[in-house]
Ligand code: UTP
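Quick heads-up: it's one chain on its own, the form predicted alone, in structure tokens.
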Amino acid sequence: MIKKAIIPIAGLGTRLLPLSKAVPKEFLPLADKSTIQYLLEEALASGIEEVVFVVSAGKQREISSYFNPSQKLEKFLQDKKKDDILTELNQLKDLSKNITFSFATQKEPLGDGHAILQARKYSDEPCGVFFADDVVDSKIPCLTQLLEVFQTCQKPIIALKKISKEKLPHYGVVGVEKIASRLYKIKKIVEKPAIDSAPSNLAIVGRYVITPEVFEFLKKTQRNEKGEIILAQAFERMIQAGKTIYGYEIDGEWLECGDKLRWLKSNLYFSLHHPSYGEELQKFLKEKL
């Protein structure tokens, strides 16, 4: 069973400036929880026991501050009988109790593959990978869906989702051979293809299961023209070398947070579906629109 996951969060979040200048994009809210909390809740629900955060300078302190308990704050809330707020804080406490945090440093933003490579010393076994730009709302946690496939195939797995034709030029898109319902063998990966040349309508979602072999290919992957090591390029080299990589079309709502418009849409989605606030917010929108 896979018990470890890597979450790279060392990026600068330039597409969310000026917000990300003061608040790291991983802490921006989706309704009443931060993006990073959604990821950790998914990790815990998928049986993950250790998360390796790949961070830039300062983010380790911010992660620890957000998830670690504050006895002073808890006592204040207890004295004021703010039980509802204490309940929410206890959810964070449960996460930090049940998942161990480790930290690897990426000194410069040199690509997602480079970020994952920094976590190699913490993982010599298969592990999950979360990218913080992507949150998936689903009955079965997204990573759990991939792990169930991995138990059978024991090969790297990429999460996939069908998207409309006009969106294909904005995503990594895969060429595939269908193996079973929702399961594919990946034949090639094309970054941001033209609509007419896209190999399918299956886009890559920021969830993976990787094996130690992926680290070896990342080590050998040359930097691109921007000086970055890209995970998709390492996967492409593995495919060319005859290695098997699977893709799984996940079940669930794929919410993105990589730029302002996508984050706003995702924030709106979680707000309108919130069990406490959703109904009132829906009424408010009907009144105002």
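Given the structure is predicted, the values throughout are model-derived calculations rather than measurements. Start at 1 with the first residue shown and count on from there.
One more form of this protein exists, namely the form predicted together with the named molecule; it is left out here, but the text below deals with it.
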{"item": "Which of 77-85, 210-218, 128-136, 180-188 sits within 4.5 Å of the named molecule in the predicted complex, heavy atom basis", "value": "128-136"}
{"item": "Contact assignment for the named molecule in the predicted complex, among 157, 142, 115, 160, heavy atom within 4.5 Å", "value": "115"}
{"item": "Proximity of residue 273 to the named molecule in the predicted complex, heavy atoms at 4.5 Å", "value": "no"}
{"item": "4.5 Å heavy atom contact, residue 12 and the named molecule in the predicted complex", "value": "yes"}
{"item": "4.5 angstroms heavy atom contact with the named molecule in the predicted complex for residue 110", "value": "yes"}
{"item": "The named molecule contact in the predicted complex: residue 106, any heavy atom under 4.5 Å", "value": "yes"}
